[in-house]
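Next up is one chain by itself, shown in C-alpha cells, the form predicted on its own.
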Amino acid sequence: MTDLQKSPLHDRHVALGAKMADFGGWDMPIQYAGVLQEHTAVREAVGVFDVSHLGKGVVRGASSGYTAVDFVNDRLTNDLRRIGPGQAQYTLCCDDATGGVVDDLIQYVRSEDEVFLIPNAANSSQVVSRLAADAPAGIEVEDLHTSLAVLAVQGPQSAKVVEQLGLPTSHDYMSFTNASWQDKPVIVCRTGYTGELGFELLPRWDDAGELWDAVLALGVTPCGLGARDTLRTEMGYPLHGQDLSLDITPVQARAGWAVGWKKERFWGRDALVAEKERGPRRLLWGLEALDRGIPRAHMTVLRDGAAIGEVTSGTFSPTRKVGIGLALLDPSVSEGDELVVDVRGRTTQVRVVKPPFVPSHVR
C-alpha cells in the first residue's frame, strides 16, 4: 500500500473512517457509511465523490493551420468537429493495429488550439504518451494528472449544492465553464458517471481540500467508489478493464456511437471498419437475474449447457433490488433470451436486456 498514489483528500477520507483500497494504483475510498446508503443518496438526493485519481492532460498548439483539435480528432475515435469550445465529448483511444480500447475518456474543447482530456487513472500515462509520441512540431501534450483534483457532485439536488457554492449550473450537459470559488479557479463540468444530474468540479490540486469541506458542510453525502460502480452498472456505463479493454473493441462493446465512422483517420480505424463490416464475434448485453443470484465479472454465461459468453461487470442493483450485469455474448443472442450464469457452481437464471437498467436523469 505504501507505493499507492494518494488524492489530495486522502487524510480527509481516513478521518471520515472510509474503507480505503487500491484503485488503478491509487489509495481511494471504497465506502464510508456503506455502498447502499451512498448509492441511494445519489439516486434520491446528492452525493460527492473524490475522483481525483482520474487522469488529466492537455493538448495545445498549432502548426501550419493544423490545430490541437485537428490532431486529437485524427487520433481519438469520436468526431470533435461535432462540438465546439466549451463542450465535451466521450471518446476512445484505440490501438492502431487491433482497434482494441487503450482507454475511454472525455475530451473538452477549450479552443481550436487547446483540448483538455480526462482519461482513467491507470491508463492516463498511456494516453498521454501515445499522443505525445505522435505529436507534430507545434503541438504540445502535457500531463496534468496531479495538477487538478476532481470532485463529482451527483444527484437530483446537485445543482442546488453547486449554486450554494456560488458556482454556475446553467450550462448544458456535456459542457463546461471556467469559474472561481473564493477567488480560486475551478472548472465546472456538466459530466458524471452515475446517470443522474451532476457536476464535476476541477479545482487546483492544493485547493481541493477546502472545496471538499465546503461541499460536505452543505450536508452532501460523501460517497466511495463502491457506490460509483453500482451506479454506473445500473446505467450500463462501461468500465475500462472490464467492459472495454485492448481485447474488447468499441464494436463489441456497442460503443460505435462514439466513433466518427466518416472520419478519414483515427487510431484503429482500419481494424474497426473491417470488424463492423464482417460483424463482431461477440456483443455486449445487459443481464437481469430472474432469481436471487448476482452475476459477477468473469462468470460464464450458458445456453443449453454450452458456454456462449462471459460476464464483464455484475452487481446487486440497489435501485431495482435484483442482480444485474453486463456480458459479452455470442452474436446469435437476442433481447429477451433467457440464459444461465454459472455462479461458482450454481446456476442463476437471467434475461438478456438492453441497458440502462434504470432511467437516465442526466438532463
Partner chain sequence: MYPDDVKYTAEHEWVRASGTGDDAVLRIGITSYAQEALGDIVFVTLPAVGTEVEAGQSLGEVESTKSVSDVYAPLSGTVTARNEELDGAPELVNTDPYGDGWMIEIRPSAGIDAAMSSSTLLDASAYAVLTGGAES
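Since this is a predicted model, take the numbers as computed values, not measurements. Numbering follows the first chain given and starts at 1.
Keep in mind that the form predicted in complex with the partner chain is not shown, yet the notes after this line are about it.
Q: Check, residue by residue, if 67, 81 and 135 all come within 4.5 Å of the partner chain in the predicted bound form, counting heavy atoms only.
A: Zero of three within 4.5 Å in the predicted bound form.
Q: Going by a heavy atom distance of 4.5 Å, is residue 308 a contact of the partner chain in the predicted bound form?
A: No.
Q: Would you check, heavy atoms only and a 4.5 Å threshold, whether residue 37 touches the partner chain in the predicted bound form?
A: Residue 37: yes, in contact with the partner chain in the predicted bound form.
Q: My question is simply whether residue 344 lines the interface with the partner chain in the predicted bound form - judged by any non-hydrogen atom within 4.5 Å.
A: Yes - in the predicted bound form, heavy atoms of residue 344 and the partner chain come within 4.5 Å of each other.
Q: Even though the partner chain is not shown here, does residue 312 get within 4.5 Å of it in the predicted bound form, heavy atoms only?
A: Result no; residue 312 lies far from the partner chain in the predicted bound form.
Q: Look at the stretches 300-308, 47-55, 314-322, 329-337 and give the one with heavy atoms within 4.5 Å of the partner chain in the predicted bound form.
A: Of the stretches listed, the one contacting the partner is 314-322.
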